[in-house]
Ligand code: FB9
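The chain that follows stands alone, in the form predicted alone, written as structure tokens.
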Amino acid sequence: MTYLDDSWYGCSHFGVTGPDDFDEVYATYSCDSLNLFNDFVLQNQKPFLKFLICAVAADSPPTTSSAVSSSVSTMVFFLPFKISKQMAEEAVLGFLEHNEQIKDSGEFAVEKGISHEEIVNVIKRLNGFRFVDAQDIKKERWQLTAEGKTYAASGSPEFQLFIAIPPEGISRVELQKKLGDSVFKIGCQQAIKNKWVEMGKTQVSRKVEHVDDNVKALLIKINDGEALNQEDIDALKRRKLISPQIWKGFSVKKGPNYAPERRKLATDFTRENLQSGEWKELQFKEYNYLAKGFPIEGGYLHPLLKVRRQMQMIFLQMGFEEMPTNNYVESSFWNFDALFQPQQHPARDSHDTFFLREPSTTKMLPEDYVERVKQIHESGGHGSRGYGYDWKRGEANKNLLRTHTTAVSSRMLYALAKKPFEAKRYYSIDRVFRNEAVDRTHLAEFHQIEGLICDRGLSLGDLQGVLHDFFSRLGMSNLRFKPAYNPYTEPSMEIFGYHEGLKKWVEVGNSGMFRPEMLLPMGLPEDVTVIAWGLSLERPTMILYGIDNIRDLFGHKVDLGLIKSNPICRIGL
């Protein structure tokens, strides 16, 4: 082995200066090692084993031969795999040096006495380095099923049944007991078909003196890889004794980088290369500028968070300030009554709202304001007739999971009315809850975006102008408005935008002007009006990212791959 000639220096301090000096060290430490490898494949590699024992002993001289044996056994455990790969690679490259091609890798493996799996692995590796050009070969072969293997070993059921019948015959019950239910049933069908036996009501007898088990013979041929005619194959297939197996191999030719021996390409240029002069002979691996780096592991932003940030930036650019939306639990008063929504409204039913069991009611409401809200509901005021019903404090006290962020807007407007009036622009983006059936477009919890402007003398034209400004910043400049009804806005409008990508009009939000019945009981001046609009966060996000099922975007069924692979930035709808 040529690489031993350069390795004496590794044991020089141990008294080894050449091949002959190994013998003394080897004799001292080899007894345990040779016992270990008595039946080992490396018995044919004794020169290398001798070197390995001496090298281990020289590296850190031990006190016993068993210590050397332990170290050597660990190292040698992996050697068969290296030698097998090396043999396979040398076989492929060496054969191509004197031949045009390897026509079939399977036949080549048998010829060289190397496993086909190892040959295939080497071919793939050499093909990657362009030492060879490999073409796929696929062949359909037949393999025995579990039932076929049983019959190949024990004989077919019909043959077993025939052999089990004595010349004088046997009762059906006794024969079935002798063979077992499965073999008896299949054996009877096939033996009758072959006219081997005669089945009476109670007795079974032979119709012929001798039979051959052709089924077993055919199965053995299949197992040995022999070819059968199509008729025999069809017969075995019908009985489900064989199944097709696709065999994959390669035909191999020399590649553009072919060489009789593959040298390991260097990936680093070191000081030792310069000092030894080795750099003159080194072949370096080409640098792949297109190779992808390791994926960055870390936190990822959910698409909803990205779109939410975009919405926040738009509101901030338009001069809005964010409302505090940290309270998911709200009282019915702020969620419904303060918005002039009657207590018998369907939205307040338990089928549409999540009411809290504990604590079920609130104890913190501004009493003077509650009284004014009650008055406007029951008998009206400020030019309104009200709803004309018996308003109940108990309904207003019920706690719930807020159904919209407008509950926060009512609190903010009430707080604004308690101070000298100042025009304000508010926005909020947060979670709301509704007791709805979950489907591809609805969830029981989602995010609502809301914006409102409170100022003197605002009109419906101002609302439309603000909406055009807001949605144009989202990339949707072509808007339409449709009259709608909301309990707390009048007039009210649904907002539709033309989506250039979808080539159609899509509903993007709702809007309106808060009613005087909502604003005046708060204490706001009579000439102050509030324009407002709202939309969900999920809908524009689904449009942006091409998602057609809301459950794929938000909730426990979200694919984490979406979180990692979604685009960094999306501009416009």
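Keep in mind the model is a prediction, meaning the values are calculated, not measured. Note that residue numbering follows the sequence shown and begins at 1.
In what follows, reference is made to the form predicted in complex with the ligand, a form of this protein that is not presented.
K.L.:
Using 4.5 Å between non-hydrogen atoms, is S156 touching the ligand in the predicted bound form?
P.N.:
Flag for S156 set to no.
K.L.:
With a 4.5 Å heavy atom cut-off, would you call P521 a contact of the ligand in the predicted bound form?
P.N.:
Result no; P521 lies far from the ligand in the predicted bound form.
K.L.:
Considering only heavy atoms, tell me if F446 and the ligand come within 4.5 Å of each other in the predicted bound form.
P.N.:
Because a heavy atom of F446 falls inside 4.5 Å of the ligand in the predicted bound form, the answer is yes.
K.L.:
Is S331 close to the ligand in the predicted bound form, meaning a heavy atom pair under 4.5 Å apart or at it?
P.N.:
Taking the distances in the predicted bound form, the answer for S331 is no, it never comes within 4.5 Å of the ligand.
K.L.:
Could you tell me which of 322 to 330, 454 to 462, 156 to 164, 428 to 436 sits within 4.5 Å of the ligand in the predicted bound form, going by non-hydrogen atoms?
P.N.:
Of the stretches listed, the one contacting the partner is 428 to 436.
K.L.:
Within 4.5 Å of the ligand in the predicted bound form, heavy atoms considered, which of L467, V408, M476, C188?
P.N.:
Filtering the options by heavy-atom distance leaves M476.
K.L.:
Though the ligand is not shown, can you say which of R172, K221, H442, K237 has a heavy atom within 4.5 Å of it in the predicted bound form?
P.N.:
Exactly one residue meets the criterion: H442.
K.L.:
Does anything in 521 to 551 come within 4.5 Å of the ligand in the predicted bound form by heavy atoms, and if so which residues, in order?
P.N.:
Read in sequence order, the residues that approach the ligand (within 4.5 Å, in the predicted bound form) are A532, W533, G534, L535, S536, R539, P540, I543, L544.
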